[in-house]
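Structure 1 and structure 2 below are two forms of the same protein chain, each written out on its own as structure tokens.
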Structure 1
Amino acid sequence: MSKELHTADCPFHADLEAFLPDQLGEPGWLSQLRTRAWNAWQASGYPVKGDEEWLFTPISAITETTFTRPTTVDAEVFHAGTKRLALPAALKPSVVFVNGFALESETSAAQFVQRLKDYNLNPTGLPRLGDLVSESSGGFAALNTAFVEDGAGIVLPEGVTVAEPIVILYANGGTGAPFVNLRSLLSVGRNSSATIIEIYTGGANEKYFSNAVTEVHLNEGAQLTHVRINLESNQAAHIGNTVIQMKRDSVLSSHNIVLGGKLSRHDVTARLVDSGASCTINGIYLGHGDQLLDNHTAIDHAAPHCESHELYKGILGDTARGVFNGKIFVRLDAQKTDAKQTNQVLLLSPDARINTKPQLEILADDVKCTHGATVGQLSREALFYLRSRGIGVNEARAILVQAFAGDVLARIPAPAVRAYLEDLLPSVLPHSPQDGK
């Protein structure tokens, strides 16, 4: 990498200098990708005040802490994270990374699952890292690409059906305020299908910064259920960027569950580039304390006869803040598009806040598109009804809150994942002040 990149006042410069010598044997294309990404990070840096995409999301949880890239694997980080998760046997991870490093003792030899460190050595004829997310995808994505080293590579060939969920676990944290870059490359071959779960977790109160990028390729007729679970530390900063490219007649069912992080931001972009593609992008975000949970989605209809359905629900208590920005683009040639977007938010405290902004940009004239957002509190009528049946006030509130959240979980087509989240949810749901919790 050129020395002109080594600008000492650039964030994470010292970490980069310590990191680069270990990458000397990497392929030339990856080295070039890394160089371009670091250049882009130097040019952009952190989002600045007034940046429209970050208007309601201050990043002081990142900028006011000195984070350092870890260099060794700490198995205790894995144990602290999995203790909180309590995963059932049906969701045993196929591959585990601790602060971005593979934990060999907890990784099984699952079919179609590789480490990116191995995959990147010879990706000929297959999707390549950086095809969808590279230096031009925003500052944090560029930072991730500059430091990319390992991660999960799941590549299904044509005509394969994987019955059991493939689980990727990223456990983060430990001492010294770690800074970790996490990368996943997922590709589902023509007429193949799979369920893939990405889980991000850490100890309950550890401070760290996890910067995650996922690239998803769906080939013709491919079907993917993709579930992303964020149960990071309550003191952590988590920045996520997921980009999906969908070919002809492919089907995506995406579900984003945000439960952790002092600051959590996740951008999801789906590009429907061929006709007949269909995507469902749902999410739920649960905030308590002083958490800030930001969800940005963008669905790009670039081809005719495609459809998208989106439902995001938020539940915010205490002084938690939420942000939802959902965009639907319908390009000029994308006739016969059918797109629907809904954001619903439940505020359990007078001090909880939400900034929601659904957007439509339509250039085609033969389409069916709707969007909307609602913000409210628990229904007094519903509470009264439950109380009149002898149910206590706290239990009645819990029933209504869980029913509101459960609507999203019920749409997850993978039974094992859905059952796990339904069991997990009661322990992490925010409570209203009247609950006394």
Structure 2
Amino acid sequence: MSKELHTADCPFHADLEAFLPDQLGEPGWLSQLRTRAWNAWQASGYPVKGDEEWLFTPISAITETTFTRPTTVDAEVFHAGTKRLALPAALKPSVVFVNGFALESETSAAQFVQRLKDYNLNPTGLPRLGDLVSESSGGFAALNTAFVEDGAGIVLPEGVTVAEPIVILYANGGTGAPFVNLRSLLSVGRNSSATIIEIYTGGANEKYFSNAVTEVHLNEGAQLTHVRINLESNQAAHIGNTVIQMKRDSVLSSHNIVLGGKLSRHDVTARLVDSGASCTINGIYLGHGDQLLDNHTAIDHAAPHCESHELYKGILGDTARGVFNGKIFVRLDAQKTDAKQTNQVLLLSPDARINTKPQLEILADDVKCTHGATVGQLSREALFYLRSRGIGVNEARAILVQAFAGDVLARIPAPAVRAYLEDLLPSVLPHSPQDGK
């Protein structure tokens, strides 16, 4: 296929090499990783027309903009983002990055939280950057690996329980349409447990491109609640890749809340590599205006006796577009797999669209695998019932939309985050056309 296609179309592509960090003084392994990733990116380039994985997701928001390399760390970007987020004290970030660079004034020394910049070169026994995101696959993850300079490293040793949520905040934007690469490395040691929140945000209408990668290691018996909140600017492009590796008897509860971005694409991949692992991957995507929100999930059952539960709910108003693609692989050895996938979508406007597709590939023969998708509108009967009790039409809609999204939020096991999102959601609900009196 013609790899050059978008290279020529993309104004900032020619300058991309200039985004490569100065590798002087960098540890060798990192330089090597960077070089391999850069080569992989050059080989793959942007997704081209007809690419199955990008069929419904044009990336013109990326290719038609000239982005620049951010240089200074502007605290204003942080303030613009936090204003929209309105985080409660219980969710004060442990570490803040502005356009990918640490904002020292907002970063406190928290246990187990480090910066990737300081992350130990090549320690034995600890996960290394890039272990899970293979640069050979190219694409935006390789682009991220080629450019990454800092990020959050949260590495929990064996046998610790961290009760309070650890919050990582990535605030993006500012002048000059920055292209930012954001990176998290999360690792939960044997029999340890934690709640980690990653938040991506920016001022309401700023143009930028944030390209994020998160690698998540769950060791034997580890338990992680992972909440990923995307409240990027409504003009931003956000591409996210989250790759999770789950060892024996580990438990993941992952919740992906997509609210922002003109184009937001998130690929979450969970590899269940040892038996007894259990993952829940849920999501809510709320789109309005002309947003395009794409969620791709891939659950790779590579070991027997594992389970996966997936519930995504989309709410789309105006001319918003949604894409959901749910892959489930059950390998030959993965007997007794129990996998369930559901995507439910509420279209609030006749011009909103969803493309939803389950993709199951099952090689083992003794498994339980179900999937289902529903697409519907707000119930007229329900709306009328609420209005007949004096509740105004807008409030009635909001109540029904919240009720629809509510059961996904209710499944978030961290009460502080759940309560925060229950407050946040109504303020960002998509509108729907009025129906007069």
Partner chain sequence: MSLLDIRGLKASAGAKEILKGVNLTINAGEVHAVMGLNGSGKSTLANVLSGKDDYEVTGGEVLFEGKDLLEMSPEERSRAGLFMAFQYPVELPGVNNTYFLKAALNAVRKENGQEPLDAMDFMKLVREKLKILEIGEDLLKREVNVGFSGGEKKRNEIFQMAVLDPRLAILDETDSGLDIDALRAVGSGVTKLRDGKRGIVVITHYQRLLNYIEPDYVHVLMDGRIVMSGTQELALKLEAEGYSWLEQQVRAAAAV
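Quick note, the numbers are simply positions in structure 1, starting from 1. All values reported here derive from a predicted model rather than from experimental measurement. Superpose the two forms; the largest set of C-alphas matching within 1.5 Å is the rigid core.
- Between the two displayed forms of this chain, it is structure 2 that matches the form predicted together with its partner chain.
- Arg389 shows a C-alpha shift of 2 Å or greater between structures 1 and 2 [criterion: core-superposed Cα displacement of 2 Å].
- After superposing the rigid core, the Cα of Leu20 is displaced by 2 Å or more between structures 1 and 2.
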